[in-house]
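One chain comes next, on its own, written out as structure tokens in the form predicted on its own.
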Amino acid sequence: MNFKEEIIKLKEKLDVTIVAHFYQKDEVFEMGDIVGDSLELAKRAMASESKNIIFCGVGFMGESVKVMSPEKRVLMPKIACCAMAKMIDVEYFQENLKILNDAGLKNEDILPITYINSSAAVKAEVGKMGGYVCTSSNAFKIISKGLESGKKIFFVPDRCLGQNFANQMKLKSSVVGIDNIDDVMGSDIICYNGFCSVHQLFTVEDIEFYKEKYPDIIVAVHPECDVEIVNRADFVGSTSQLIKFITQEISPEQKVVVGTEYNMVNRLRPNNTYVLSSTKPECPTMNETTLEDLYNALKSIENGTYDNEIQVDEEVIKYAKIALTRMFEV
């Protein structure tokens, strides 16, 4: 069976919008009616007039669309889970708060901010405390807004993102469970100990290798990379910011080495673009989705079975929507 041809036929027949994240495989990415990073996909999927959304990405992304547009039917060809999002759940969130409480910091003096790479349930816990969701493209704005409260920022789950933005803002940061509790209590931004396994693959040695081979090369990385990588980079930005910088803001002749997910980097431009790794930094969960999975999701709409439909508890929707809405307002 030619899945691509069948998918095109079903798309024309059904009331459906297919959204695909930049990290998807090329053949799946090409089927997207809407493509982008987490924030862009969430906004555009919400604005879609289609009753049915098929989200080619990872679980928290489908949940975010369902939270903001509960009237839509959201399906995923493969309910893959972001490894970073799996590092935190409600229980771990509360355990970390207790550590801070036991050290003398009350919940009313804490403002939680969760990276969008988290479950709807964690977003709901953040919403209950009056906190925000953020993405890598708007984290600076969200953290700046949060600091206006005068409270300590508790940033979950990506320690790298929290630390890198703290450094950018000349603020002190620390990580619960790693740093001394006195240092944690003296920090402006307190980070949860989570990370992206893909962005942990990039090393200082990789940067030094490319700088030695091509002295004028530009190093462009995602802020999910470790602090030491970000500190040595020439440009740091979210997925969409990296794409704009590399495709629009530097000349085609300028060599650039990029520290983020392989599929996205591979599509950027044909020449003078390199991947900042000796291995292939491919997100395993983003790459679980296949054309056959997408075809099966479309067929389930046609058949009325709606396979892999995203369901979110009403109470979770209520509070997660508060945290997401606060982000969109900023």
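Counting begins at 1, following the sequence as shown. Because the structure is predicted, anything quoted here is derived from the model rather than measured.
Although it is not shown, the form predicted together with a small molecule is what the next lines describe.
Colleague: Just one of 315-323, 302-310, 20-28, 5-13 has residues with a heavy atom within 4.5 Å of the small molecule in the predicted complex, so point it out.
Modeller: Answer to the contact question: 20-28.
Colleague: My question is simply whether H222 lines the interface with the small molecule in the predicted complex - judged by any non-hydrogen atom within 4.5 Å.
Modeller: Flag for H222 set to yes.
Colleague: Report yes if any heavy atom of N117 sits within 4.5 Å of a heavy atom of the small molecule in the predicted complex; otherwise report no.
Modeller: Yes.
Colleague: Does D37 make contact with the small molecule in the predicted complex, using a 4.5 Å heavy atom cut-off?
Modeller: The answer is yes: D37 has a heavy atom within 4.5 Å of the small molecule.
Colleague: According to a 4.5 angstroms non-hydrogen atom cut-off, is H199 in contact with the small molecule in the predicted complex?
Modeller: Because a heavy atom of H199 falls inside 4.5 Å of the small molecule in the predicted complex, the answer is yes.
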